[in-house]
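A single chain, nothing else alongside it, follows as structure tokens in the form predicted alone.
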């Protein structure tokens, strides 16, 4: 199975979901290998590079895309299977950005406190060891941490002609910042506009759940993925919110504020998915999930917070979503050249 290579120029980056002309048209079944820049556009390269001086928050999370999927229409389901994610630079950057993050005053949670210090950390990549090194700025400590690549932003154009910043997660996907968006995961998104117009970006070499300071180990990424399309009604209704599947879990993502509403969205969507997967009455699905799920926080720093609710397949009867598409995509991934 051949792979189509896509490397955008800086002038081709998209900074919104919706409102951008397609970068490329692809057919269902296409395998793509796409390069994406880091959240800062590569401008934080040393610890002396400060976000207040270098980063324009109107132009962060540059997206590679959007891609127009031939035949995609509202009511369809787009499936993106992530085969591989490889750091495209030998360093990643993280930053405490003034008035942005989970433990500081923000424009939404306003207080009279001053901003936390504008600080940049650079993580050097050791490809042989597959680690990035945390080097403390104010104390004498270095720790080699395993590389665990993921994408912060995966989404389609929103419904109703909306144009949303690539900083925002919502039902169209977007800046969910969940470590579950990693190699081996299939992401299912409801199509809102002709062509779906999906984009990906915001590579993270690793990130803790919650992304507490507001940024991960941000790095340029080369991502290999397979694009597939499920026509509306053929294998169940399109998901209202993002769904994720890997070999071990069924997962749903909700994004809102406050955080408990993001969790409620994800939990409600998993109840609905279990109705389809197992034929369960919603009350029985509610009870079963209450005893089996985990609910990792994806982010508590973006314009909307994101929560993942995940159910382990090992505790459940075998089930098949979308005609067993995830397993089929895993088999196809093994044939890529």
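Residue numbers count along the first chain shown, from 1. Owing to the predicted nature of the structure, the values given are computational and were not obtained by experimental measurement.
What comes next is about the form predicted together with a further copy of the same chain, which is not displayed.
Residue 289 is the only one of 289, 60, 26, 32 with a heavy atom lying within 4.5 Å of a further copy of the same chain in the model of the complex.
Only one of 220 to 228, 245 to 253, 113 to 121, 80 to 88 places residue heavy atoms within 4.5 angstroms of a further copy of the same chain in the model of the complex, namely 113 to 121.
Proximity to a further copy of the same chain in the model of the complex holds for none of 42, 76 and 185, with the criterion being a heavy atom within 4.5 Å.
When contacts are judged by a 4.5 Å heavy atom cut-off, residue 305 counts as touching a further copy of the same chain in the model of the complex. None of the heavy atoms of residue 178 is located within 4.5 Å of a further copy of the same chain in the model of the complex. Contact check for residue 104: a non-hydrogen atom falls within 4.5 Å of a further copy of the same chain in the model of the complex.
Interface membership of residue 216, defined by any non-hydrogen atom within 4.5 Å of a further copy of the same chain in the model of the complex, is confirmed.
Along 150 to 189, residues 159, 160, 161, 162, 163, 164, 165, 168, 171 each place a heavy atom within 4.5 Å of a further copy of the same chain in the model of the complex.
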